[in-house]
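Next up is one chain by itself, shown in C-alpha cells, the form predicted on its own.
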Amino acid sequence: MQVTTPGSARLDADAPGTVRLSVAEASALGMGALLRVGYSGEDAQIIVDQLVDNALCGYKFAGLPRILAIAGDEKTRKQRAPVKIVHETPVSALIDGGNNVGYIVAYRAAEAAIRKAKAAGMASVGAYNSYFSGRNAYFVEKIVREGLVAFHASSAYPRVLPPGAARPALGTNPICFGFPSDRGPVIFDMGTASLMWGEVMLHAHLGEPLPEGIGFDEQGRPSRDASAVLKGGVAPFGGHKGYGLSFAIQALGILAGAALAKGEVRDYGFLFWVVDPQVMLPGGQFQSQMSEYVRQIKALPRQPGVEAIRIPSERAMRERERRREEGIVIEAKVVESLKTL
C-alpha cells in the first residue's frame, strides 16, 4: 500500500490523498474491517469479493467504502439468523434473509435461482429481510456464466422522491438484465435514481458537494449538501419515465417478500427471474445469435471522433482486467476510516 502523488499513466490517475492497493491488499483491508463489524468466515469473503470486484469494474462508491455504510446501519447491530428458504416449488423459492446484509442474501438467492433454472428450465426467486444488496450486475454475471438468461430487480428502503413529493417513497431500485453469448456475459445494470445512495454516502464522508438538481433535504428542499441529502433523498433519473420504472421495481419487491419482515411494503426485496435459453430455443443457438447481435451493433458506422461503439458491461469487464494488474485507487481517508472502525 502506498499513498500516491499526482500524475499517472495508469487507468486511474493517482492524486493527493489517495492510496493504490493490490487486490490482495484491498481484500485484506476489507476482511479486517468486516471482522470488526461482526462478519467473518465465508460470509465476510462473499462480501469482500463483491466489493473488490465492484472497484475493479470502476465503481468506486460500490467498493470498500460500502463497509462504512454497513457499519453505520442500525440493522448491522441487530441479531442475525441464517439465510433460509421459507417457501418453494420446483420453479420458485422465497428466502428469509435473516437480517443479513444483501451482499450475502442476494448471493444465496442467485445460487438458488441457478439450481432451480438448471433443474426446471426457469426459476423465480425472491428474498427479503435484508438490506444493502450491492451491485446487481455481480449476481447476474454469476448466473449468466452458468449459461442462463437473468433478470434481477431490487426494491429498497425509501431514498427517492417521486416528482413533486417532499419526502422519499422509493428505493434507488436498480434493475439488471444478463445474457450469455459465445464471447461471454453481456450485462445491462442501471439504478433508477439520479444518483445511487452509496454515492451520496461517499460524498458525505468526503465532504464533497453533490451535482446540481439531484438532492433534497429532509424538508424536500433542493440541496447539494450530501449530509443534508442523507436525511432527505434524491430524484429519480429521467423524470416521469424513471419514476415509473422505479415504481414498478418497488412493486416487484413486494412480490419478492419485501413486506414480510416488518409489514412495510416499501422495503428491501430482491427478485430474480432466470431462464435456460434452451427452454425457448432448444437448438442451443441463443449464445451464438447473441454474439452476432453484439457484432452487428459494434460494426455499425461510427460518428466522427468515435473510436468504438460499446456494448453494456464492455467497459467494466475490460477495465476489471487492467485494474487486476494496476491496483485499485481509493481515498486515504476511506482507508483510515476502515482501519479505525
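When you see a residue number, it is the position in the sequence shown, counting from 1. Definition used throughout: the rigid core is the maximal C-alpha set that superposes within 1.5 Å between two forms. If you're wondering where the values come from, they're calculated on a predicted model, not measured in any experiment.
There is also a form predicted in complex with a further copy of the same chain; it is not shown, and the following applies to it.
K.L.:
Sort through Met201, Leu245, Ala71, Leu210 and report the residue having a heavy atom within 4.5 Å of a further copy of the same chain in the predicted bound form.
P.N.:
Exactly one listed residue reaches within 4.5 Å, namely Leu245.
K.L.:
Though a further copy of the same chain is not shown, can you say which of Val83, Ile114, Ile214, Ile175 has a heavy atom within 4.5 Å of it in the predicted bound form?
P.N.:
Only one option qualifies, and that one is Ile175.
K.L.:
Tell me the stretch among 291-299, 23-31, 36-44, 51-59 that has any heavy atom within 4.5 angstroms of a further copy of the same chain in the predicted bound form.
P.N.:
Residues of 291-299 come within 4.5 Å of the partner.
K.L.:
When the contact criterion is heavy atoms within 4.5 Å, does Val125 count as touching a further copy of the same chain in the predicted bound form?
P.N.:
Answer yes; at least one heavy atom of Val125 falls within 4.5 Å of a further copy of the same chain in the predicted bound form.
K.L.:
I'd like to check something about Ile311: if you look in the predicted bound form, is any of its heavy atoms closer than or equal to 4.5 Å to a heavy atom of a further copy of the same chain?
P.N.:
Taking the distances in the predicted bound form, the answer for Ile311 is yes, it comes within 4.5 Å of a further copy of the same chain.
K.L.:
Is there a heavy atom of Arg159 no more than 4.5 Å from a heavy atom of a further copy of the same chain in the predicted bound form?
P.N.:
The answer is no: Arg159 has no heavy atom within 4.5 Å of a further copy of the same chain.
K.L.:
Would Gly121 sit within 4.5 Å of a further copy of the same chain in the predicted bound form, counting heavy atoms only?
P.N.:
It does: once a further copy of the same chain is placed as it appears in the predicted bound form, Gly121 has a heavy atom within 4.5 Å of it.
K.L.:
Of 268-285, which residues get within 4.5 Å of a further copy of the same chain in the predicted bound form if you count heavy atoms?
P.N.:
Leu271, Trp273, Val275, Pro277, Gln278, Val279, Met280, Leu281, Pro282, Gln285, in sequence order.
K.L.:
State yes or no: after fitting on the rigid core, is the Cα displacement of Lys118 between the shown form and the other one at least 2 Å?
P.N.:
It does not reach a 2 Å shift.
K.L.:
Gly233: after superposing the rigid core, is there a C-alpha shift of 2 Å or more between the shown form and the other one?
P.N.:
Yes.
K.L.:
By the 2 angstroms cut-off, has the C-alpha of Phe151 moved between the shown form and the other one once the rigid core is superposed?
P.N.:
After core superposition, the displacement of the Phe151 C-alpha between the shown form and the other one stays below 2 Å, so no.
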